[in-house]
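Take a look at this one chain, the form predicted alone, written out in structure tokens.
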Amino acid sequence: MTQDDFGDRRARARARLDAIDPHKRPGGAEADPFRRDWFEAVYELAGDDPAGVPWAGLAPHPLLAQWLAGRSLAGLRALDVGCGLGDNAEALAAAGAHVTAFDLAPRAIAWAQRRFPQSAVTWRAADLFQPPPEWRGAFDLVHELYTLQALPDALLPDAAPALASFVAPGGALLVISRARDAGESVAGPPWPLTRAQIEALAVDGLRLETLEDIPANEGLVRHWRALFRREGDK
């Protein structure tokens, strides 16, 4: 298999998925407001081909890998939100964290488990908006990458407290997202986030500690990388 083959299959998959995404049609959002049906369809239609999962890089995201470089998470309890095929969760575990990773799609979880059969990660199928109650305040580090930008704007005010609820006293929320300027139109999904949308994640005791505006470079469009912190002792 060549990289061109993979790229061609991904492009065809992207076209198929766009064709069945109600959010790509005017007035279609009400058919799947949380996009649950569409996320399930992504993994069902992909079969065993990762090219069919548009966000599957089959490696930790470069901006997460950069953040983790030289950093130890030894002993920390980490939660990976929307883990997909599991590469970011594995990177967090390799840095020393005790990782729980979840995805809305059970097929994604099963796939991640097949890819990493010896993994120490705890894999779960779960919904960001209906998480297990025992996750409340249970994690020293919560990592969110690309889930928020896959949600309609109307859901972001509910997603913010959902993410904040996972963070333990003294813990942190790390968010990585594609970026856009306020007023810049996008033909989503995905919908890159504005600075204001990132800053609005500082809710329920979280404060914004750092916000990086990372310009486009080779292979990556412009991104935000934001770290939020909850006061308190770990």
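Remember, it's a predicted structure, so these values are computed and weren't measured experimentally. Note that residue numbering begins at 1 and tracks the sequence as displayed.
A second form of this protein, the form predicted together with a small molecule, is not displayed here; the remarks below concern that form.
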property: Answer option from 163, 121, 105, 95, heavy atom within 4.5 Å of the small molecule in the predicted bound form; result: 105
property: Which of 23-31, 201-209, 66-74, 39-47 lines the interface with the small molecule in the predicted bound form (heavy atom within 4.5 Å); result: 39-47
property: Any non-hydrogen atom of residue 100 within 4.5 angstroms of the small molecule in the predicted bound form; result: no
property: Contact test in the predicted bound form: residue 142 vs the small molecule, heavy atoms, 4.5 Å; result: no
property: Exercise: residue 146 in contact with the small molecule in the predicted bound form, heavy atom 4.5 Å; result: yes
property: The small molecule contact at residue 156 in the predicted bound form, heavy atom, 4.5 Å; result: no
